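As structure tokens, one chain now follows by itself in the form predicted alone.
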């Protein structure tokens, strides 16, 4: 039986991954998809939409409104409007945690620290786009240098008993350090944990954090040990949405819903 209820779509087109989220009128996530963005953002976004609609059991005609965000937001042909990444990530996180929060979003090509007050208003934000350090691209480079699968890094880091600290934030220099540590017989799991620590340290240098911290992004979704390490470092628990890679897309879908309500 087809779902014909009004649906609201958010598309978050990042340089690395494209995410689409579909919410129903009660703000429940009913469909979603994540794919590599590739070289044709428009085609990838549409493919994500089709997969999300299939999960929701609906046709495109059920979509009441759609909003895009992210690096490739202007390449989404089904979106009727676009919003900034900062606004969408903030809105998506505040939807799940409606208190004053500091959001750490670690994506494939950039990371962000967004601060919201108790009403969900943005206080400040910092974004790192000039260097791969602290991003998913940094982890991909390190996994290649270590000749281990990217998806295996989390379990390796969790097994570490003697973390190797890397001195450089620079991806190129860090790669040299990694090779030096391998040459000196350091264990792979200890090096990987050091790589994770380098990501955390880079984020913490971007800005201070409020009492309530939320972590999101694809790196967080696939590496929960990174969250555990951050908790140990800042000395308090961290909140993670159920689908941390989708918060930008969910925020865009919430914008779509609010815009549709205003038109009505």
Partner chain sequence: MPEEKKVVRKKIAAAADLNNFMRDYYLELDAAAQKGAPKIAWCTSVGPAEILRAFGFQVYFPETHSAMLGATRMATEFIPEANAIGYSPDICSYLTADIGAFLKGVTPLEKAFNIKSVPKPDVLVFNTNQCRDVQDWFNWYGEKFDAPVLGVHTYRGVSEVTEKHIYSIAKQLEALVPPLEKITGRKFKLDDLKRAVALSRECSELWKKILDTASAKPAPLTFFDGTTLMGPAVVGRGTQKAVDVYKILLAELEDRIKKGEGAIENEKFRIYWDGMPVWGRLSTHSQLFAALNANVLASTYCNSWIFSALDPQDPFNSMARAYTELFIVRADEAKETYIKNMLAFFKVDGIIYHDAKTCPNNSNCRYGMPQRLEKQTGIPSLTINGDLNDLRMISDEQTKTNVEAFIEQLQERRHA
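Just so it is clear, the structure is predicted and the values come from calculations on it, not from any experiment. Residue numbers count along the first chain shown, from 1.
Same protein, other form: the form predicted together with the partner chain, not shown, and the subject of what follows.
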Flag residue 124 as yes or no: does it have a non-hydrogen atom within 4.5 angstroms of any non-hydrogen atom of the partner chain in the predicted complex?
-> yes
Any non-hydrogen atom of residue 68 within 4.5 angstroms of the partner chain in the predicted complex = yes
Is residue 181 a contact residue for the partner chain in the predicted complex, using a 4.5 Å heavy atom cut-off?
-> no
4.5 Å heavy atom contact, residue 101 to the partner chain in the predicted complex = no
Are all three residues 79, 84 and 128 in contact with the partner chain in the predicted complex, where contact means a non-hydrogen atom within 4.5 Å?
-> yes
Assert contact_stretch over 114-122, 93-101, 187-195, 148-156 against the partner chain in the predicted complex, heavy atom within 4.5 Å, equals 114-122
Is any part of 96-113 within 4.5 angstroms of the partner chain in the predicted complex by a non-hydrogen atom, and which residues would that be?
-> 110
